[in-house]
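Quick setup: one chain, the form predicted alone, written in structure tokens, and binding and motion questions come after.
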């Protein structure tokens, strides 16, 4: 009996040890590991698979999309057919100048030019996969309308995530949800050799690979991290997904990777004061205005995001309302969400709206009347706003109290035009690539609206080509 018991214990012990070894030491192999399944990561995985590489796509969340699903306003395309059909004259130089102006000329101009050069190709690539990008609008800081989004002004992010996820599925790319990359390993020569992963069960395993693409997004979802890099942002709300926790920082801390512009963190001017939800810039682009608690406009509603954020914070008690009407709402389907969620105050008349906002009625009516006059004449005599799309004449009317919130991290891994990660000596690290908001240096001090998705798709695709 004793021998049988001893044998049973021994058998159980071997089983336990085998289980532990399997769950901690399992090793797989693939040619490319992509870390993060937002727009940039999925673009990289699709492109790498198109190049004939075996790909494993890791996503720590139980769903794909990251911050991309929250994108609303659109993706910038230079020289699109939509522009041509409407007689809009655009050019690479005009786009580059707008981006450099927005970034206060602290951008890497070579990378900005790459965005312009690749934008038409990115549009065709997305359209060929079935993306609806048939609507066009103008955003803050742009000289002309070049921002594309789905028909009727529907949110763009969910549409791009949809087509990319469908493509990932149709190509049978090995997508692993709830699988977090915990480390990137290199050999004695500094070349990528493996990625360590923690799955949903808590099991750790290793994927041998010679190529890793970091597309984890930024760190705007982590107040601790964005305050660490920029103390001025303490107490700010954020528009970011909870997944945006700056995982790239930990992944590259032992790899001699060069991080740049980490303190450059963009605030979006219009975030719901009460709910912390991003209020799309496209509302202003399509005709909305901003007023303070005195009932007055105080800035060009389409000036660059950083400057407009400062203007809002300078208003009495920082009380500012975004005003629009049914005509603006009808031009932009995404605005329905704010009405349906009761984020927006609603009134049948401007007089009633003034009362609900508790601003001086006569001043407010005079402000709107003056603005409507500027639209009629085509010239904003108060603040020089260039795009005057619609009068605010017919109700219903809407108002959303807004405040700037943390929106986008311009800093991250330094990459070159081939999306190769650059080390502290200025040399590319063999087999290590990065794209999207995990990278830095492209947008300068302030990102131009509509460029995040363009950046994600363009450099995601480039990363997936592995320097080809």
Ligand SMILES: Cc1cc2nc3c(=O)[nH]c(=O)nc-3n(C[C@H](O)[C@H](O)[C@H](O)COP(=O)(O)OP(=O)(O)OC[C@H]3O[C@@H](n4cnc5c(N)ncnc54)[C@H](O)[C@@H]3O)c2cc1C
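Positions refer to the first chain, counted from 1. Here the structure is a predicted model, which is why all the values come from computation and not from measurement.
The following text describes the form predicted in complex with this ligand, which does not appear among the structures shown.
Residue in contact with this ligand in the model of the complex (any heavy atom within 4.5 Å), chosen from 115, 71, 353, 99: 71.
Among 217, 141, 288, 153, the residue placing a heavy atom within 4.5 Å of this ligand in the model of the complex is 217. When contacts are judged by a 4.5 Å heavy atom cut-off, residue 427 does not count as touching this ligand in the model of the complex.
When this ligand is considered in the model of the complex, residue 65 lines it closely, a heavy atom lying within 4.5 Å. For the chain shown alone, residue 59 is a contact residue for this ligand in the model of the complex, at least one non-hydrogen atom being within 4.5 angstroms. Proximity of residue 322 to this ligand in the model of the complex: non-hydrogen atoms within 4.5 Å are absent; the residue sits far from the partner. Taken together, the three residues 109, 260 and 411 lack any non-hydrogen atom within 4.5 angstroms of this ligand in the model of the complex.
With this ligand omitted here, the record of contacts in the model of the complex names 236-244 of 369-377, 200-208, 236-244, 117-125, defined by a heavy atom within 4.5 Å.
Using a 4.5 Å cut-off on any heavy atom, the residues of 155-190 that reach this ligand in the model of the complex are, in sequence order, 156, 179, 180, 181.
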